[in-house]
Structure formats: C-alpha cells, structure tokens
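First, one chain by itself: the form predicted on its own, in structure tokens.
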Amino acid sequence: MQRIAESELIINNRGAVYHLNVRPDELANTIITVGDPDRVKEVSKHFDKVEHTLQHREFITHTGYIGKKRISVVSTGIGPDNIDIVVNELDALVNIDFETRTIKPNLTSLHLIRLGTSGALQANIPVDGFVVSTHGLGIDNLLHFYRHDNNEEEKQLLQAFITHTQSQDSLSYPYITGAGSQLLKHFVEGYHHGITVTCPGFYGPQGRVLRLGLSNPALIDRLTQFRFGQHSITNFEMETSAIYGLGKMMGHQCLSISAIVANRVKKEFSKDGGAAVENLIKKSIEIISKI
C-alpha cells in the first residue's frame, strides 16, 4: 500500500489531523456539521456527556454521547472550499492509518448530517420551516477537481437543469449528487423535501444586488420554476452539494437539513432565526440519536 507523504496529509505533533486538530479516537462515526462555530455548543448542550472539546481556527469539534449513541459535532465555516477541507479530513481520520500513512484495508462509512440555514425558493415553504435535501446541485466548481460519476437519474436531472436555466455560458458546469438513502428515510414528517442548489457565494451567486449588477439576473426565477418529474428546487445555500459529492465518492452516508431563514420568492426573513435553528436542532438530534 502506497504511503501518503507528510505534505499531503498533515498530522500535528499531538497526532491530530491538521485543520480540524482531531485525533482518530476523538471522532464518532455519526457526525453533525454546522457552519457557525458558535452553533457547535448549541448542539452539544443536548448531549448527556461531552468527552472531547477541540478547536483550530474556525473548526470546533465536540464529541460526546446521547444515551449510548456517540456523536461528534464539527463546525465547517462557510462555503464549498471549507467543506473540501472538513470532509477530506473526517474521512482521513477513519480510513487512513496515521501510523503507517496508508489507506486502511477495511473502510468505515460515516454518517454526515449537516444542520444549517438556507433560503427557500418556493413560495409554499415557510420561513422557519425545515427542508431536507434530496439532492445537492452545485453551481460552484469543487467537484470538477475530482473524478466522479452520476447515476442515470442524476444525469437526467443535470441535463434538464442546464437546459432550463440556460446556464452553460454564465455559470460553472453544474454537478449533482443524491442524499444518503439510509439517512433520508428517517427525516420525513415535518420536513419539506427537494433539490438544494449550492452556490459559491452569498450575494451575486444567490442573486442579491447591492452595488454590482448580475451576469444572470433571471437565475432565481429559473431555479424556482425548474421541474423534472416529481423534483423541484426548494432552497439554496453554500455547502450541501460539496458534502454530498465528496461524501458519496468516499462511501459515506450524507444528509443536509436546513432551517429556512429567508423566503426569496416572498421576500421574507425570519424574525428569530436563532429560534428556528434551535427547533431544527432539537427535532433532528432526537432522530439522529436513534439511527
């Protein structure tokens, strides 16, 4: 088995992976990711016991238990570039032997569940509601740096999206990945389901105009109007497609669940986004602890 060089996998002097500052023994196989570092403690306060509290830069990790279920919460920061760091390092912690710097012969499949915020793209999805992403559709370029394949449904969805949005000349070529089926089936009642579009920014890439004009001013309307069979685009944010794409390639089960803090169609914003996120955490963590 080929040894992974020190420059490719950086391990610090306490035996932890570089950016996350987490050792393999400090990570659970069920992992909740949150964008905001301050949100980690808002999740772990529901644990019965916290055994590890770690931090490096914007990456904070708490690992503990709800009953007998061991869970880690990791902050990712914002955007697909941060997800590239986090998912690769989480995978390395369970699937690379840090002593020999070789890939383990028996690989571990993690449960990666994002609890975040998002903007709705359908009028019938209310502010403070919850959306589960059946697919992550990326209009950033992260996955194009990796070899990846789509199943037939994903190929058809992607082609329909490109044709409908007429985005081939103004956006990075999109990519799409489905949610982990083992996780998706547990989050039905009380959750809207649909395709989540992941953007590489918050302002122009999500159709916001402050002082700069947009190259594709019709994008939001086209996202809202997209239909393919039973599929529609419910929301957009900045991490889901990267988690789904990298996670699937590595053999992990991934799911993204969002509290809706804005409805871009109705031009509404939550009056208490913190309460919406707390409700999402409480409802979802109860399910997560039983999977």
Ligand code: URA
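From 1 onward, residues are counted along the sequence shown. All values derive from a computational prediction rather than experimental measurement.
The next section is about a form of this same protein that is not shown, the form predicted together with the named molecule.
Among residues of the shown chain, residue 72 is not one whose heavy atoms approach the named molecule to within 4.5 Å in the model of the complex. Contact annotation for residue 134: none of its heavy atoms lies within 4.5 Å of the named molecule in the model of the complex. Put simply, residue 27 is far from the named molecule in the model of the complex: not one heavy atom of it is within 4.5 Å.
Contact annotation for residue 118: at least one heavy atom lies within 4.5 Å of the named molecule in the model of the complex. A heavy atom within 4.5 Å of the named molecule in the model of the complex is found for one listed residue only; from 173, 98, 202, 191, this is 202.
Here is the short version: of 122, 82, 206, 165, the single residue with a heavy atom within 4.5 Å of the named molecule in the model of the complex is 206. Segments offered: 49-57, 64-72, 245-253, 229-237. Contacting the named molecule in the model of the complex at heavy atom distances within 4.5 Å is 229-237. Heavy atoms closer than or equal to 4.5 Å to the named molecule in the model of the complex belong, across 76-104, to no residue whatsoever.
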